[in-house]
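One chain follows as C-alpha cells, the form predicted on its own.
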Amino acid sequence: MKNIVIAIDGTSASGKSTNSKLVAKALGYVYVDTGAMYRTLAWFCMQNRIDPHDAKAVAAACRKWKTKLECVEKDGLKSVHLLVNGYFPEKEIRTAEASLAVSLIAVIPKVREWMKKAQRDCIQFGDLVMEGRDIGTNVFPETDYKFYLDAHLEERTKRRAADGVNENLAARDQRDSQRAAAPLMIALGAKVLNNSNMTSAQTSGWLLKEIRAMLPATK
C-alpha cells in the first residue's frame, strides 16, 4: 500500500461523514463513503425487484451488476462514486427505503467480500480518507491511520432527528456489532474520540492534529 489511507470508523450518527469530508478537503485527499456503496447495491436491488432478505439473490446481483469506480471533484472535495451502468444514484440512495434495505444487505458475507475488494480498489485514486464501519478492522487493517468516532446514544439520536431521520440507532448498533461478517468494532491501535459535546469543527480539528503529527515529512 503506497498511498496513505485514513480509516474513520464509528457508530451511526457519530459524525463520520461530515468529519471525513472536512479532513479529506483539508488534506487534499480523496474521500470515500463506503456506506454509499452499500446503499447503491440496495438501490440496485430495489430497482431490479431483488428481495434484500434473500441473501443468495443479493450475492448473485453483486456478481452480475456492471459497476465502475469514478473519482469526481466538487467544491474542492474529491470523492469516489460507484457507478452502475454509468450512473451514480446520488439522491436515490438516501431514501428511507434504501436505508431499510441497506441494513439487510450489509450483513451478507458475500456482499461484504465484494465491497471489500471494491473499496480496496479505491487506492488507485491516491491518498484516501475512507469512512465506514470496518475500514480499520477489515478493509485496510494494515493502515497506521485508524480512528473511531462515537457519541452517546441520546446525542446521536438527536443528530439523526435534526436530519429528519427517525431511526432506531440502538438496534442498528446491535446489528452492526453482532453480524458475523466484519462486525463493527474498534480496530487495534485506533484512536478513539467521543464527540458528544463537540462541534464538527472541533472534531475535524482534533482528527487533523492527530493525522498531521503522524504524517511523514514527504507528505
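Residue numbers run from 1 along the displayed sequence. What you see is a predicted model, and the numbers here were worked out from it, not measured in a lab.
The discussion below concerns the form predicted in complex with a small molecule, not included here.
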Contact of residue 106 with the small molecule in the predicted bound form (heavy atom, 4.5 Å): yes
Hey, in the predicted bound form, does residue 39 get a heavy atom within 4.5 angstroms of the small molecule? yes
is_contact(residue 120, the small molecule) in the predicted bound form, heavy atom dist at most 4.5 Å: no
Considering non-hydrogen atoms and a 4.5 Å limit, does the small molecule approach residue 158 in the predicted bound form? no
Heavy atoms within 4.5 Å of the small molecule in the predicted bound form: which of the stretches 27 to 35, 59 to 67, 43 to 51, 189 to 197 has them? 27 to 35
